[in-house]
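Form predicted alone, single chain, as structure tokens, below.
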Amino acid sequence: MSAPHTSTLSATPQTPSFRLIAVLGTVAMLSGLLIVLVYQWTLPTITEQKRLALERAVQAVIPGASSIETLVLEGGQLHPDSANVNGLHVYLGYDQAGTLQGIAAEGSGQGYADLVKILYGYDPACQCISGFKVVASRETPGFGDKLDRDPKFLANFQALDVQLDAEQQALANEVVTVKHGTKSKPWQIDAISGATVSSRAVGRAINDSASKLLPVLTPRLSEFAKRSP
């Protein structure tokens, strides 16, 4: 009787798990290194573009400013930008003769989709907001994006009243956004029809920022009035 026939299946070679892990680890390390190198390579360009964009925004809300000095409001004090503190950024705009033309400050308020970040110009002579610009917004196209383009809305910021009270400790009147067509006071903002939420975000941004800044800034205006060109 012949012996039973046995069939042997050849095993498929398997990649050891440690080799697979090593390959994946190498790929991840090289990808991370590439990202870091690209970031470092593009960082100077990105930084310069941000600086130029900020400079253009400040000049838009402070016409006549040819140079800018940056301060940071934190803890009720104004600090030099080099002081390594986080807070509200304030920009002093000077003309070529070194005379203060106005002050720009940042602000933000919750809009319909996200925070609306703005820059506004303050004129010490009239104690009013004399310029306004949106610097970041994700509001609904066709409505919220009118904040930076609607002529009637922008007219609110030609002389928006932000005077301080008699004690110079707070705004005499809260900056508020009112329904379109109902503005009756110089500290009110006439909302854009169909974009009331976004318009209110601007009002809150200005009111909150000015309430913190102006009581600290006003006593020091004479100090900032002139600098060496």
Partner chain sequence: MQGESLSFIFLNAAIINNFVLAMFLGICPFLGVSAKLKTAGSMGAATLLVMLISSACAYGLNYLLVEFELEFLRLISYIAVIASSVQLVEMVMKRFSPALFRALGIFLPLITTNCAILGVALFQTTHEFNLVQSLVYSFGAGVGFTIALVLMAGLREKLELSDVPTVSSGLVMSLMLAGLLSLSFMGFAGLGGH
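From a predicted model like this one, the values you see are computed outputs, not experimental measurements. Residue numbers count along the first chain shown, from 1.
Keep in mind the form predicted together with the partner chain is missing from the figure; the text below concerns it.
Contact with the partner chain, judged by heavy atoms within 4.5 Å in the model of the complex, is confined among 185-193, 57-65, 30-38, 163-171 to 30-38. The partner chain is not shown here, and in the model of the complex it never comes within 4.5 Å of any heavy atom of F157. When the partner chain is considered in the model of the complex, D114 lines it closely, a heavy atom lying within 4.5 Å.
For R200, a non-hydrogen atom is located within 4.5 Å of the partner chain in the model of the complex, even though that partner is not displayed. Among heavy atoms of Q77, none comes within 4.5 Å of the partner chain in the model of the complex.
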